[in-house]
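Below you'll find only one chain, the form predicted on its own, shown as structure tokens.
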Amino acid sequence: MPDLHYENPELSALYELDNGWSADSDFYLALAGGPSTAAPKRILDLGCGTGLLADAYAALGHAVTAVDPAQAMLDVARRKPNGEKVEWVQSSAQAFRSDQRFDLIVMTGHAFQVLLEDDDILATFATMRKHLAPGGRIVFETRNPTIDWRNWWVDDIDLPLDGMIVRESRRFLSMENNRMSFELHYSFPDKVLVSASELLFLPRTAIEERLTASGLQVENVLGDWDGRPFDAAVSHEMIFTVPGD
């Protein structure tokens, strides 16, 4: 089940205030190329959230299918300027099935890290492989587990919404067996909502092993959105690109 900050409509309305357009969005948008009215790409966005990237792809004329398990996130996504051009599907990445094949499959926003069990990872990779068109590419990212994330994970931010201020407080709880537990506290003027979350921090070799077991091979691993190669000592990101046949 999605965490509370994905499935609660009040919290979904806040999501882009703290997760708006940034360098990772530019990176993923560039993968599709510019306006493509003559030959639009078929794009599958797994874990699309509130649809920020899917909407941007659609604005360039690409044919986009965007998938997310949280209805509240999709409700926000459908109201995007190009929302009517996108095929929105409520489903997990593991269970999604379509007759379509896609030129580009993305999983952004560190959505890969909510896949906590091997079965979920392998099922997601199976979805990607099944739906990848010949010559297409899969691209997704996850955080580098060698970084001491507990020192990056405590944060407070004020989010303006409909004339009020909601304070979001992120609290690290524990890191055990490559799993981080944390809470997000949302302080509204009249109440506090708490969303408990867990993320998986797999090392590069473990991810590559699971890709290989799924019949997929890594083309490249980048360490940042500017295209720098991955460096296990300093890179915060691991950005995987996987080609089709």
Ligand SMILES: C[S@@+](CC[C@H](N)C(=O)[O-])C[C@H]1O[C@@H](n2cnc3c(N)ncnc32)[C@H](O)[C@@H]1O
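These figures come from a predicted structure and were not determined experimentally. Numbering starts at 1 and runs along the sequence shown.
Here the subject shifts to the form predicted together with the named molecule, a form of this protein not shown in this document.
Residues within 4.5 angstroms of the named molecule in the predicted complex, judged by any non-hydrogen atom, belong to 62-70 and to none of the other stretches in 62-70, 201-209, 188-196, 172-180.
When the named molecule is considered in the predicted complex, only one residue from Leu104, Val76, Val166, Ala111 comes within 4.5 Å through any heavy atom, namely Ala111. Residue Gln94 is the only one of Thr146, Asn82, Gln94, Ser98 with a heavy atom lying within 4.5 Å of the named molecule in the predicted complex. In the predicted complex, Tyr6 approaches the named molecule with a heavy atom inside 4.5 Å. Among heavy atoms of Leu44, none comes within 4.5 Å of the named molecule in the predicted complex. The shortest heavy atom separation between Ile121 and the named molecule in the predicted complex exceeds 4.5 Å.
In the predicted complex, no heavy atom of Val86 sits within 4.5 Å of the named molecule. Of the residues in 40-61, those that come within 4.5 Å of the named molecule in the predicted complex through at least one heavy atom are, in sequence order, Gly47, Cys48, Gly49.
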